[in-house]
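The form predicted alone is given below as one chain in structure tokens.
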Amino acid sequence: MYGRRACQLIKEFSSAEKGQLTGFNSDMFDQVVKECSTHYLELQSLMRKIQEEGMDIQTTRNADHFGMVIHHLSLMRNKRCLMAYVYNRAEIIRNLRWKIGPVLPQEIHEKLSYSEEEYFKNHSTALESYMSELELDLTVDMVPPKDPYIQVRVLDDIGEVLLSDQSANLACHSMHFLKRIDAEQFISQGLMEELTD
């Protein structure tokens, strides 16, 4: 049945938890692309056949015409499914840059195709360039904070770091009262956690 693989590709994507990536299914993706090529070749063959028989493609209503319609609609449906798969994965990848930062964890990195890795790198580079022009880090404080300072506990030994208003030794299990903007990058990397009342 035409379009089954494309439908499976979309179902596989939609079955994942919202905002989470599954591994890029390159085998299924390539099969759908191959099916698209087959539909295109069949469509071209039927068009040539109608023209060789001296009939008008626009007005002819025979078995070849309806075969062309089926191949055309199947091609368009597969194309929409492929575009939806790629677009929705790209949305998640873009959001990862805002949530996690410029370096992806290995378990996420393994789920990306080569093109998606390049997309993430290019998006990250463009964002970094824009933020450096503005001299403003747009990735912190996605929700406006109530207090510019937060209390944090260091989860992994970070060492001596220079913060915006002080230098601090961020040793494992130590607690600090830091500016939110300084702590946010370490929190997003899982190196420290915010302590709440």
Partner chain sequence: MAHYYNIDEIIVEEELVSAVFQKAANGVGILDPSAETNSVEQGSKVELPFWLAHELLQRQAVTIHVPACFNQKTRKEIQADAPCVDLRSRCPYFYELGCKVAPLVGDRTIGSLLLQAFLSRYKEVLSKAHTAASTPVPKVLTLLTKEETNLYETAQSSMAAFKKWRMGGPRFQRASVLGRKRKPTD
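The term rigid core refers to the maximal set of C-alpha atoms that superpose within 1.5 Å between the two forms. Residue numbers count along the first chain shown, from 1. Note that this is a predicted model, so its numbers are computed, not measured.
The following text describes the form predicted together with the partner chain, which does not appear among the structures shown.
Taking non-hydrogen atoms only, I10 approaches the partner chain to within 4.5 angstroms in the predicted bound form.
Proximity of Y87 to the partner chain in the predicted bound form: non-hydrogen atoms within 4.5 Å are present. Interface residue remark: S124 is not counted as part of the site for the partner chain in the predicted bound form, having no heavy atom within 4.5 Å. Using a 4.5 angstroms threshold between heavy atoms, C36 stays clear of the partner chain in the predicted bound form.
The stretch from 56-64, 26-34, 130-138, 165-173 that comes within 4.5 Å of the partner chain in the predicted bound form, counting heavy atoms only, is 56-64. Taking a 4.5 Å heavy atom cutoff to the partner chain in the predicted bound form, the contact residue among V161, V69, L41, M47 is V69.
S188 is among the residues whose C-alpha shifts by 2 Å or more between this form and the one not shown once the rigid core is aligned.
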